[in-house]
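The chain below stands alone and is given in structure tokens; this is the form predicted alone.
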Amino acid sequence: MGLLTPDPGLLFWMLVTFGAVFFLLAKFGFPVILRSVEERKAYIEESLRSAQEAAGRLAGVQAEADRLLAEARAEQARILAQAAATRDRIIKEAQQKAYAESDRLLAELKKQLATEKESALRDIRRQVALLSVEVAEKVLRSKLADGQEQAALIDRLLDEVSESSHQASM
């Protein structure tokens, strides 16, 4: 039974040793341990605070990125609309220039055709006049072959000239 009930001397020395160790730990060990635990706690709290700040900054950066992306899309849409308007304007100007050029060429062709028509008509009239003169000359030669016919024609022409000059003087 000696194992279950300790000897009073052993119990005394165990209490003295326990008290001495507890005193040494309380004086030198626990403050160091508590300081280490407090430093660790402060480090963890600082890390959490930094993580929260980083999360806040990340959310701000994400919001800024979303805003910049929206602005870029709006700018892209504006540039595309402006490019489409410029394209339409250039096409319209090119069409107008083409129409104006075709109108100018058409007017020029009409003018050239009118000039050529006028030239052809003058040429035809000249040829008709020459042919008429030749025909009249042949007819007159055949009619004026004898002297009496020539004298009658001369009298008739003189009468016509005198009448026209008489009428002109009135």
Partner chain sequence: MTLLLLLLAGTLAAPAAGHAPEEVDVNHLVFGHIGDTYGWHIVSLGGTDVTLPLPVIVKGAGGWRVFSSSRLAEGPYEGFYVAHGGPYDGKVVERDGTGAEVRPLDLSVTKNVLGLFINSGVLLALLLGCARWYRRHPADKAAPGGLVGMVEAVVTTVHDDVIKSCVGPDYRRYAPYLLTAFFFVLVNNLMGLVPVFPGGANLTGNIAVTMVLALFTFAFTNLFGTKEYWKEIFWPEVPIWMKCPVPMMPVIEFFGLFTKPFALMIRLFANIMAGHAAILSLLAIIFITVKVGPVINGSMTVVAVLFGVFMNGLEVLVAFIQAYVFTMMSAVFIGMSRVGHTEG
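These figures come from a predicted structure and were not determined experimentally. Numbering follows the first chain given and starts at 1.
The same protein also exists as the form predicted in complex with the partner chain; that form is not shown, yet it is the one meant from here on.
(message) Within 4.5 Å, heavy atoms only, one stretch in 125-133, 112-120, 40-48, 99-107 touches the partner chain in the model of the complex. Which?
(response) Answer to the contact question: 40-48.
(request) Although the partner chain is absent from this view, report whether residue 142 comes within 4.5 Å of it in the model of the complex, heavy atoms only. (result) Residue 142: no, not in contact with the partner chain in the model of the complex.
(message) Considering non-hydrogen atoms and a 4.5 Å limit, does the partner chain approach residue 154 in the model of the complex?
(response) Because no heavy atom of residue 154 falls inside 4.5 Å of the partner chain in the model of the complex, the answer is no.
(request) State yes or no: in the model of the complex, is some non-hydrogen atom of residue 5 no more than 4.5 angstroms from a non-hydrogen atom of the partner chain? (result) Yes - in the model of the complex, heavy atoms of residue 5 and the partner chain come within 4.5 Å of each other.
(request) Would you check, heavy atoms only and a 4.5 Å threshold, whether residue 54 touches the partner chain in the model of the complex? (result) Judged by the heavy-atom cut-off of 4.5 Å, residue 54 is well away from the partner chain in the model of the complex.
(message) Pick out the residues of 7-31 whose heavy atoms come within 4.5 Å of the partner chain in the model of the complex.
(response) In sequence order, 7, 8, 9, 10, 11, 12, 13, 14, 15, 17, 18, 19, 21, 22, 24, 25, 26, 28, 29, 30 come within 4.5 Å of the partner.
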